[in-house]
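Listed next as structure tokens is one chain, alone, in the form predicted alone.
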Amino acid sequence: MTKTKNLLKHFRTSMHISWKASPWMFLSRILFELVSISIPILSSYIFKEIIDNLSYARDMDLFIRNIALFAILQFASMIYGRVSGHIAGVHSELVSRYIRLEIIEKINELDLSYFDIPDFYNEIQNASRDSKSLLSLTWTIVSIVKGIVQSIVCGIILAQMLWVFPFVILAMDIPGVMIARVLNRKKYDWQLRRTDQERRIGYYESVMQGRAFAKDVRIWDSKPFFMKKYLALWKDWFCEKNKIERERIGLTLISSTFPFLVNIMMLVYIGIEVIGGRLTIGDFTYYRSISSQYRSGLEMFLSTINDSYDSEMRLSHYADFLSWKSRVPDEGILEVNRINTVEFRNVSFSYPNTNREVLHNLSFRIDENEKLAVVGYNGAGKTTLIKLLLRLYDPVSGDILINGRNIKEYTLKSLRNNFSTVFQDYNRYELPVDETVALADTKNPIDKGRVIRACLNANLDVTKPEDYPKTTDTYLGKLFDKEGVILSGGQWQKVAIAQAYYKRGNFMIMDEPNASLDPKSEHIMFEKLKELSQDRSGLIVTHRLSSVFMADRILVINSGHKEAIGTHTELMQQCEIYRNLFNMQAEHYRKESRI
């Protein structure tokens, strides 16, 4: 009963999506499905009349009329098939797009913590696969109705010849349906078990084929290593799949034998009746055709019932995925137009499914127009601090205040709109310069002049035709345009900085903005940053302490704790960790200068 209720719920969802995708095509498909029942039955009857006329009456006028009517039905069937196929194909694409967008929307609703869980990627793959059942469910139900109508009409016709035939054929088809249901369950269970394995196979393929890994694979000659892992996983995956397929072939062959024997027996019976003069030769072709259509209707009805329950398994899984909730709920109602102050009060945080506390009881404040630098050893929690400020995660305990109010009181959209951010793990987009830079502000049309200014502020001149042949229309990368340019790591870092300038947020966040820059570019960047952030607050996370001099104060984090906060002079006197970090880097630069 629960499965039936779930199926009806999924059916309503499928009908809703099919209607939303295209009402006109949805109604057209239903009309075509219903009309398709009558054409084969009428054609079979007309063909019977033609055979009987040729065998007995041999009436030319009747023959011409029947042939003309048969030709019209066949031509209509041909047109129907092509038009119906076209409408079904287009409508299916529209429904498929609707479902894909629904999955994308759900993924983007969820917070980053989900991406820290390997099973989440399995669930995405399962949802993408299982959503295909939603695409077909509407037509599965329509096919059930069509199969019932077709079976009843053809069964009544067969019963006029011998009443037991429809029931015998039905009884012989049921075992095949039950076997198919068991096999579908086994196959789905196998797919769920193998999701992680399939993702790994796909990953190894991407490593051996993708541009991102091309240099490493060639320099390290690592293709044999990945090929070995790929083939081992694929062989294990293929062997189990092949085992399931062999079982399917054996069982379906056995289940198909019974309907085959009943069909032969029926043909023998009809043949005897024709020889005995009780039926005509035309009746032989007619009942053979009706028998085939009856079995087709039964199979359509029984197998689609079976498929429906298979769909219920998959769609319940898909519905569970769509019901997931973000752990960073967007429940705020206030709009923040400008960030003046930021305060962390006793903030502690651990990443999901870990016991290690990345931040512990952390407290500090950034005042209006103040720039705070955050320094510390690797793994101290510096980047995590930024993720919490952007509400990519929420603290386990403690509060973050924006302009004196809890950060959760603001809408996520208005909060994030105030930040201009550069992450150390910036992404490289295969897009033109203007589209790449303007990704930071997609609410407004692309302003090419603003793109150029943002790039110049980031020490990147995209107006040079020798470097950027199509200026702001030049593609960054050659994936889609052979005239695209390949940028160095430092140039990509400048693109990321240009995105932050283009955004024009009133609070600057820089996470290792100088990591890939040479000393000259680093100096220019910080001079420009000072100039452009006079009336903005800012947070700079860095390993290279040369950048801390532009900050008003410096926060030192050690293993998630606040070690100290103050100016450079104060920390050199009071904080051993900061003094050691600074002296180590200063000594390195002194050695470099002597060389």
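No experiment lies behind these values; they were computed from the predicted model shown. Just count from 1 along the sequence shown to find any residue number.
Only in words, not in the display: the form predicted in complex with a small molecule, which the text now covers.
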**Asked** Can you say which of 374-382, 454-462, 488-496, 203-211 gets within 4.5 Å of the small molecule in the predicted bound form, counting heavy atoms only?
**Response** 374-382
**Residue among K229, K106, K387, R129 with a heavy atom within 4.5 Å of the small molecule in the predicted bound form** = K387
**Asked** Looking at D116, D330, E247, D367, which has any heavy atom no more than 4.5 Å from the small molecule in the predicted bound form?
**Response** D116
**Message:** Would you classify V95 as touching the small molecule in the predicted bound form, given a 4.5 Å non-hydrogen atom cut-off?
**Reply:** no
**Prompt:** Heavy atoms within 4.5 Å of the small molecule in the predicted bound form: does Y351 have any?
**Reply:** yes
**Prompt:** Wondering, does L415 line up within 4.5 Å of the small molecule in the predicted bound form on heavy atoms?
**Reply:** no
**Prompt:** So, in the predicted bound form, is Y393 in contact with the small molecule at a 4.5 angstroms heavy atom limit?
**Reply:** yes
